[in-house]
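This document opens with one chain alone, in structure tokens, the form predicted on its own.
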């Protein structure tokens, strides 16, 4: 038996490409976006009462990772990208039915729009459902996960002076905490875990409408080189 689902809305996100998106929600509090609801959910009735809620669960589609053939095993970044485990023991994007879930902070509620932070969602992500976070039921003090027992370690992020000035200027233009967003995302080291980049190799990712470029001048350290904007 098969079932069909339809999006209730789409996310307009600071993340314009998959690279450098945090691997879990809440790891980058400065990551912000707006969930724009579709009819008939855009009149305000469907979100009435959400102003009493600080966080929501979003059920969504990994729309750029949908696959015809399901994977039974995956290689999660937390295990270095080289060790395979069952897909259901991870939150890998390659999933049966392509369904993901994230708990995000609800900053503001408007008719037809939810303003969010702490997101880990790509721009254009289709959202299937919204559920309020219920602290007494959703926070389980004795829960454990031996694969991901704690947040990944952060690595230092430094700036070329001109790059920091560019980030501050673009942040003011966008009305967004761009410097914090860059530092929070890069401190989690977005490159594949098995890579050992040479100091001269440059990496890049688009955040909002700005392309951020960085390198690894030494192991375990990131330096932001420049920002470009067209």
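Keep in mind that this is a model prediction, so the values were computed, not measured. Residue numbers count along the first chain shown, from 1.
The same protein also has a form predicted in complex with a small molecule, omitted here; what follows describes it.
S.K.: Hey, of 174-182, 24-32, 47-55, 161-169, which bit sits against the small molecule in the model of the complex at 4.5 Å between non-hydrogen atoms?
M.R.: Contact criterion met by 24-32 only.
S.K.: Would residue 43 count as a contact of the small molecule in the model of the complex, using a 4.5 angstroms cut-off between non-hydrogen atoms?
M.R.: No, residue 43 stays farther than 4.5 Å from the small molecule in the model of the complex.
S.K.: Though only this chain appears here, would residue 112 touch the small molecule in the model of the complex if you measure heavy atom gaps against 4.5 Å?
M.R.: Contact with the small molecule, no.
S.K.: How about residue 157 - does it come within 4.5 Å of the small molecule in the model of the complex, if we only consider non-hydrogen atoms?
M.R.: Residue 157 lies outside the contact set for the small molecule.
S.K.: Whether residue 91 contacts the small molecule in the model of the complex should be assessed with a 4.5 Å heavy atom distance threshold; does it?
M.R.: Contact check for residue 91: yes, within 4.5 Å of the small molecule in the model of the complex.
S.K.: Of the options 18, 213, 221, 12, which one has a non-hydrogen atom that comes within 4.5 Å of the small molecule in the model of the complex?
M.R.: Spelling it out, the residue with a heavy atom inside the cut-off is 18.
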